[in-house]
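One chain comes next, on its own, written as structure tokens: the form predicted alone.
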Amino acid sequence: MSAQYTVTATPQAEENGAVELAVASLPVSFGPASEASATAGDAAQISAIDGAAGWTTEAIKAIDGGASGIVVVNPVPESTAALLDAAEASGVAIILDQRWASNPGLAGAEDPVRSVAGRAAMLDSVATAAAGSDPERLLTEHLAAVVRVTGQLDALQVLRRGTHGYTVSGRLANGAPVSLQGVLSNSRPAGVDFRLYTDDGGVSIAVPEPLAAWPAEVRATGPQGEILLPTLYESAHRATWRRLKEHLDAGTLPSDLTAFARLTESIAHLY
């Protein structure tokens, strides 16, 4: 039987990442650090921190404090070079709990999307968040979800941005145009939708909020008709913690920071 790891979370990470709920759903794997342990000076093995500005510094502090694993909730773009060095030197697994990119349904979407990527005619994607949200943070969350299934995008360019959202253009690897729309509004549910069009069909993906009661949906359309891929009833938050446990048990380090460095570089070139 594998070990149970103790967890502590900052208040902001708990609020944005539903840490207590995710940990409670995996009781054999994780448990809250007890007050007695904290009083005795025994640090929790896993630290959950919010991804607001300065998160890489906070993560390094957690490593110095003896953490075996770190979960970062919705990180904003920052240089991860120093953190990556610290994590590799200490053997600490760092997992990014990203708003939509961490949804387990996207793993199943990678194959159908990339199998038709050479014939792609256009990718259209819309991300929605509540009015008053930070549009730049929304773009980070949006782009992270898109490149999870498409791979890197080329020629990214901001066409419009403001308090109500943004429009970003780009190109897929085969040169097909990409349109990313960000909408800050309370008139439609928060989430992100993808539509990849080909000459004979395409792939559509709908990803809800991490705490939503419904799962992501992936539909592939071709000459044979439309196929709904198997539905996974698991939130992005829970999938993140389950993935962390897999790396901890195996003694492996995830590639989240390396992938996020590429995302940060892409976003830096937009502004």
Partner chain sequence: MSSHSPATPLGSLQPLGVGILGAGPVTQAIHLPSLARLRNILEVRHIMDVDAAVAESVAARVGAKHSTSMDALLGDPDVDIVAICSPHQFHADQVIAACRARKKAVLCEKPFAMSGEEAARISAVSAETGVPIIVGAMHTFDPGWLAAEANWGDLPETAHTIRSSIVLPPNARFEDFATEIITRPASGTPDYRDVEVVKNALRGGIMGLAIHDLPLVRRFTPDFEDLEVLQARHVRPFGYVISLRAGERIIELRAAMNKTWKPEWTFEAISDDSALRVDFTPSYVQAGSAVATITRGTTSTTYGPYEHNGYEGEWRELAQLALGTKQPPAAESLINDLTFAIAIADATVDVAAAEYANSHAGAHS
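Numbering follows the first chain given and starts at 1. Since the model is a prediction, treat every value here as computed from it, not as a measurement.
Not on display, but discussed next: the form predicted together with its partner chain.
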| property | result |
| --- | --- |
| Close approach of Pro112 to its partner chain in the model of the complex, 4.5 Å, heavy atom | no |
| Heavy atom of Pro223 within 4.5 Å of its partner chain in the model of the complex | yes |
| Partner proximity in the model of the complex: Ser133 to its partner chain, non-hydrogen atom cutoff 4.5 Å | no |
| Non-hydrogen atom contact Glu78 with its partner chain in the model of the complex at 4.5 angstroms | no |
| One stretch from 125-133, 96-104, 138-146, 68-76 that, in the model of the complex, holds residues within 4.5 Å of its partner chain by heavy atom | 125-133 |
| Residues from 185-214 in contact with its partner chain (non-hydrogen atom within 4.5 Å) in the model of the complex | Ser185, Asn186, Ser187, Arg188, Arg195, Tyr197, Thr198, Asp199, Asp200, Gly201 |
